[in-house]
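First comes one chain, alone, set out as structure tokens in the form predicted alone.
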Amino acid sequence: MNRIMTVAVAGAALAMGVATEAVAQAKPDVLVKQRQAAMTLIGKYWGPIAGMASGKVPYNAEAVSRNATYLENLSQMPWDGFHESTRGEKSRALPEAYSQKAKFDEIADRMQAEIAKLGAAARAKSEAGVKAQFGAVGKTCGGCHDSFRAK
């Protein structure tokens, strides 16, 4: 059993190293395009939830559940695209995204956590829970945009 655990741990460590190395080898312009694509898709799936949570569009629990689940996955994708090598690339990221990396990472982690709560409320078909969590997600996203994104 210990031998199996050792092999599993070694395999996981190797995979993490390969993933980190792959990001480091990606071209900076490609990383920027990938993070922008993830953010664009986040906007695509956030929009209908925002419309429903604010009462502008009739509430559809199935659509909210599907979109919130997509958001949970998408919310994990952009962050490796903010690699130091992308600092000089053309984007709307402010220099503070790199110089205040700990704060930036903390907001990214908080966004993922808030979106996970939104997904749980959506899958539970809790319209009230979704509407309450909608505000928390929006506040987190807005905080990042206010601090780290050019207008």
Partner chain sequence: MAPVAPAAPAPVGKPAPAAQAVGAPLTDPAARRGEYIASAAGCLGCHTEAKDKAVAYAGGRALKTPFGTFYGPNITPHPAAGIGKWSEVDFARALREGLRPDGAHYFPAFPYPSFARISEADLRDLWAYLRALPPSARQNQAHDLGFAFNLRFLVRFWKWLYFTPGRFTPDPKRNATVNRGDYLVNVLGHCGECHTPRNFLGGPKRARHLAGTPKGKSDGGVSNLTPTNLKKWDDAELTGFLQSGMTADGDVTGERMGEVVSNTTSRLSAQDLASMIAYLRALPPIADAP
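Positions refer to the first chain, counted from 1. Quick caveat: nothing in here was measured; it's all calculated off a predicted structure.
Below: the form predicted together with its partner chain, not depicted.
Can all three of 56, 145 and 151 be found with a heavy atom no more than 4.5 Å from its partner chain in the predicted complex?
Verified in the predicted complex; spot residues all in contact, yes.
Partner absent here, but in the predicted complex, which of 94 to 102, 28 to 36, 121 to 129, 58 to 66 has residues with a heavy atom within 4.5 Å of its partner chain?
Only one stretch passes the 4.5 Å heavy-atom test: 94 to 102.
Spell out, yes or no, whether the shortest heavy atom distance between residue 44 and its partner chain in the predicted complex is within 4.5 Å.
Because a heavy atom of residue 44 falls inside 4.5 Å of its partner chain in the predicted complex, the answer is yes.
Please run the contact check for residue 50 against its partner chain in the predicted complex: heavy atoms, 4.5 angstroms, yes or no?
Looking in the predicted complex, residue contacts with its partner chain include residue 50, since a heavy atom lies within 4.5 Å.
Can you tell me which residues in 114 to 128 come within 4.5 angstroms of its partner chain in the predicted complex, by heavy atoms?
Nothing in the stretch sits within 4.5 Å of the partner.
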